[in-house]
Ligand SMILES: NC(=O)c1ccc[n+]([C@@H]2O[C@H](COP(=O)([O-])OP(=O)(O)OC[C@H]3O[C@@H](n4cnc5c(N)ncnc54)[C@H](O)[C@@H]3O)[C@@H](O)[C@H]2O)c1
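This document starts with one chain, in the form predicted alone, laid out as C-alpha cells.
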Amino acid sequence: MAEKLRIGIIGTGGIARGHARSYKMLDNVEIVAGADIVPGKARDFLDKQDLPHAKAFEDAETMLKEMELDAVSVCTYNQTHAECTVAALEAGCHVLLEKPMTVTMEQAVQILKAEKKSGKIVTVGFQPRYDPNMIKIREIVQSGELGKIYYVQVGGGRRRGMPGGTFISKETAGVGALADIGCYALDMPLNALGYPKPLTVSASAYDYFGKSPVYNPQNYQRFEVDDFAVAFIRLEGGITLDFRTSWAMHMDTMGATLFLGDKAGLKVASPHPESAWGGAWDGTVGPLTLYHDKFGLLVETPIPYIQNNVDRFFEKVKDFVDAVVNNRPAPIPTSQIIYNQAILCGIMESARLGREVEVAIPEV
C-alpha cells in the first residue's frame, strides 16, 4: 500500500460531496480519481472539490483498470450499487458503499460473494451509528437493563420531503422512501439488538403523495416508487418490530422509538421537527427515557442527552479508512446489513403480494 491511501469515487452526485469532503480531512488519504457516466460530470466534480490533479473517467471500469487504487466510495444510484461494488472488489479495492446496500437480494448476494472471494472489506454507509446517543441506545439495550426485549416500535419520516431525480425512478432507485430513509430507521433498532435474523414480514406501501399533482407537481407524472411504507416484522428470539417510514404525510413525526422489555422499557423521542421536512428521517434521535419499577413504584428515569457536534459522515469515512489501513474488519459489515436488505426486500414483496412473506437469507 502506498504512503497515502489512494481513493477513487464512483458516482459524483450529491452524496459524493460528503465523501470527498471527509477524505480531504484525513492526512493519510489522497483522492486520485472519480468516475461518472454523465460526460464531464466527474471532471466538474473533482474541480469543484479542489482536486485538479485527480483523474476523471466516464465509466468505473476504465478507472479501476487504469488507476492503482486502494479503496473506492460507491456513490451511484441504488440499482448500480452491486455492479460497481463487485467491479471494485475484483479490481482489488476495499469499498465504502452508500446505503441502501442494494435493491434486490440477488444483488446483495453478488456483493457478499465478491467480497468473500476478494479478501477485501465492504462497509455500508450508516453514519447515524456514530452519533453518541445512538451508541448509548445500543449500550442500554445490550446491558440487559430492559430484560427480555419482545417489541420494538420504530419509524422515521418526513412531513414533506419528496426528492426528485434518480430517487423516484424504478430503473435507477428501484425503491423509494423505504430504501432511502427506511434503511436508517431499520438499522437503529437492529444494531441495538445485535442484528437478529428476520423471519417474516407483513407490509404495505403507498404512493399517494408522489403521484399527486397537488403535492408533487413537478414530478408526479414520472413517480414510480413508494413514498410511505409500514411493516410488521417478526425477528428471531421472539421479537416483534413495528416499522414505518415516509417521504410525505399529514403528520409531523412518526413518533418515538420504543423498546419494550419484561424488566424495563426505553423510549427514544423523535427530534422536534424544525421545518416541514421534520421527523427522524436522517437517523437523528431525541432524548431517552427509561421506564421501570423501583420499590413498587412506576419510575421514569431520563437518560442524559449527549449534546454533540459529532460529524457523523466524517466519522463513517474515517472509520472505513482506519479499517483499511489497520487491516480491521468492516466497521458496518455486509454480514449485518444483509439482514437489513432482506427486510427491505421482504417489505417490497409483501406489499406487492398483499400478504405476509417469509424472509430468506441466502448462505454465502
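When you see a residue number, it is the position in the sequence shown, counting from 1. On a predicted model such as this, the values are computed, not experimentally measured, just so you know.
One more form of this protein should be noted, the form predicted in complex with the ligand, which is absent from this view; the next part is about it.
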Item to complete: Have a look at 336 to 344, 21 to 29, 8 to 16, 350 to 358 and name the one stretch with heavy atoms inside 4.5 Å of the ligand in the model of the complex.
Response: 8 to 16
Worksheet item: Hey, in the model of the complex, does residue 84 get a heavy atom within 4.5 angstroms of the ligand?
Response: yes
Discussion item. Can you tell me if residue 317 lies within 4.5 angstroms of the ligand in the model of the complex, counting non-hydrogen atoms only?
Written reply: no
Item to complete: Would you please decide whether residue 123 lies within 4.5 angstroms of the ligand in the model of the complex, comparing each non-hydrogen atom pair?
Response: no
Practice prompt. Could you confirm whether residue 45 comes within 4.5 Å of the ligand in the model of the complex, counting heavy atoms only?
Written response: no
Item to complete: Identify, from the list 133, 127, 270, 169, the residue with a heavy atom within 4.5 Å of the ligand in the model of the complex.
Response: 127
Worksheet item: So which of 159, 99, 234, 244 gets a non-hydrogen atom within 4.5 Å of the ligand in the model of the complex?
Response: 99
Item to complete: Can you work out whether the ligand is within 4.5 angstroms of a heavy atom in all three of 38, 41 and 77 in the model of the complex?
Response: yes
